[in-house]
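The same protein chain appears twice below, in two forms, each given on its own as structure tokens and labelled structure 1 and structure 2.
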Structure 1
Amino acid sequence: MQVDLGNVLDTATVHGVSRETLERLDARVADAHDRIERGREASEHGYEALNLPSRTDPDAIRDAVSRFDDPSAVVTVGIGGSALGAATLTDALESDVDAYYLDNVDPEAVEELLDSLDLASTVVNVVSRSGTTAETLANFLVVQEAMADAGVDWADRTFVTTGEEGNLRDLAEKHDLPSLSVPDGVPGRFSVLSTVGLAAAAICGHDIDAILEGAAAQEAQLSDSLFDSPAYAYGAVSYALAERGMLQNAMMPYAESLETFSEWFAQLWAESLGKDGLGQTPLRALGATDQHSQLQLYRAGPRDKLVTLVRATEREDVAIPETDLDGLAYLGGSSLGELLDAEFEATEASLAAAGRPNVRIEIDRVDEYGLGELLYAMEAACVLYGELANVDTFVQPAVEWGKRAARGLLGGGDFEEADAVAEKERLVIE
């Protein structure tokens, strides 16, 4: 994996950073790296996530799912970090086992999915550290009922990924369900390289050892200099550009298999860094599709964006047939992959020509190893950015406020946040 910062330098963009600025910032990166390493050594909350490549036990994950023979599908019931990491992996990799995610409580979508599945050959993974997540538990109750209506014993098709105590742990013990433990000290949005993110991949037959090996390769490159670590290079430059007003970060992979990765990145970046009036708002785009829509804004709109372009340098390809049509002959004899690469490089150059900062991230292939590299690097980049910005990367008080308000509205307790909902001012136009 490599990160190219050429198009964020002040010689290439209006609000770029100079090489001298990067050298000065590197001293702060060294201090931040020291703090991160101390946190990792002490297994402090949040920092523990960066230890997962060596601490996650892939054999334990395979053992937990081994009782489910030849499933046609796996449904992960979870929300946020309990689903997005796993979805990033299974959406990016091909498998004979279909992977689905109940990560919302839209009743029509839930019903449509359950009606479409052969529940007798479907495995259900319920993921919640606390075992009390309202959306997850509500969806699981609906799944249980659907299985009963289909004549399927839900306990034969279900395993849980949860904390050491709570409703789901009690359920697993009562019904002798296979279970995996959510690791201590790892926030959900940083849990893709743990039991939380890897269980669905294991059921789908993916090489979870290779995922962890890719992550370990990036872990080994963490150092006291941004010039020696792709992860730190990206985190440091993202921070430096935010300080210069680039308060939005458009994550734009040039591979449809990485579209869900952009969603995962959006949660990681927003929930970790959006504190105390600070942060960099993540945007989601897909190349080359969004060259024909969002690129107009990125190139000619407000100068408040960093664009992150991601691609794999190796992939399967499809030849473009020769044609006699006027104006299209230049396409014949090339390939879709060559066209996609040309679009990538044209977008990169277009942004640079307009003085808009952009970063290129490249992995060799969209495979287990490459995904492990990419996911770990983005997590480490996020942690470094948080250290440089002096925000608490691993808490999410704004999210917790909304959870308390919703629980209060449903009669789950007396929460002052629920009272604030009733006090909403209204101005309705019909």
Structure 2
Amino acid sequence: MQVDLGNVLDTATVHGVSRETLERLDARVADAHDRIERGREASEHGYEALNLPSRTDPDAIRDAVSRFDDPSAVVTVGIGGSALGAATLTDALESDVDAYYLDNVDPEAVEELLDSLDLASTVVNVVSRSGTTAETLANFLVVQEAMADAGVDWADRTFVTTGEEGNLRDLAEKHDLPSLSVPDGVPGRFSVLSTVGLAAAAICGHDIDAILEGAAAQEAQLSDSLFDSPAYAYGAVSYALAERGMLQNAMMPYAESLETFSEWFAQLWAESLGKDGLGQTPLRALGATDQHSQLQLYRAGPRDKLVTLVRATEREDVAIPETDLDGLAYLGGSSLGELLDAEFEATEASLAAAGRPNVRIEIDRVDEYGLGELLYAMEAACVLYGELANVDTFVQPAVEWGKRAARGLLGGGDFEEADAVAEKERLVIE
């Protein structure tokens, strides 16, 4: 994996940063790295996530899911960090086992998915650390009923990934369900390299050892200089640009298989860094498609964006047949991959030419090892950014208000937040 900072330099683009700026920043990176290392050594909340490449036991995960023989599908019932990491992996990698995620409570979508599945050969993975996440438990109750209606014993087809106690732990013990433990000290959005993110991949037959090996390679490169670590290079430069007004970060992989990776990154970045009035807003983009949608804005709108271009340097390719179509002969004999690469490099240069800083991230392939590198590096980048910005990276206090309000609205107790909902001011145009 490599990170190319060339197009954030002031020699490549106006509004870039100088090499001297990066050198000065590097002193702060050393301090931040020291703090991160101490946090990791003490297994402090959040920092522990960066220890997962060596702490996660892939055999335990394989054992837990080994009861399920030759499934047709795996449905992960979870929301936020309980779904996005696993989805990033299974959406990026090919498998004969279909992986689905019930990560919303849209009744039409839930029913459509359940109707489409052969439940007798489907594995259900319920993921909630607390065992009380309203959306997840509501969906699980619906899934249980659908299995009963289909004559399937849900207890034969379910395993749970949860904390040491709570509803799901009790359920696992009562029904002798296979189960996995959510590791301590690892917030949901940092859990892709744990039991939470890897179980669905294991069911799909992916090489979870290789995922952890890729992550370990990036872990080994964390050091006291941004110039020695792709992860820190990315985190430090993202921070430096946010300080200079680039308050948005468009994550734009040039691979359909990495579309869910952008979603995962968006949670990591938003929930970790969006607090105290600070934070760099992640934009979910996709190359080359968004050249025909978002590029006009990225290149000619407000100067408030960093664009992160991601690609794999090796892939399967498809030749473009020869053609005599007017003006398109140049495409014939080329390939879709060459066209995609040309668009990647053209977009990168077009942003620089317009004074828009951008970073290139490359992995060798979209495979287990490459995903492990990429995911670990983004997590370490995020933790470094949080240190530099002096925010508490591992909490998400702003979402509690709405949870209490929703619970109050549903009759789950008295909450003053629910009263505020009832008093909503209205100015309706219809």
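In this text, the rigid core denotes the largest set of C-alpha atoms whose superposition between the two forms falls within 1.5 Å. As the structure is a prediction and not an experimental result, all values here were calculated from the model. Here, a residue number simply tells you its place in the sequence of structure 1, counted from 1.
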(request) Only one of the two shown forms is the form predicted on its own, so please name it by number. (result) 1
(message) My question is whether Glu20 is one of the residues whose C-alpha shifts by 2 Å or more between structure 1 and structure 2, given a fit on the rigid core.
(response) no
(message) When the rigid core is overlaid, by how much has the CA of Asp414 moved between structure 1 and structure 2, in Å to one decimal?
(response) 2.4
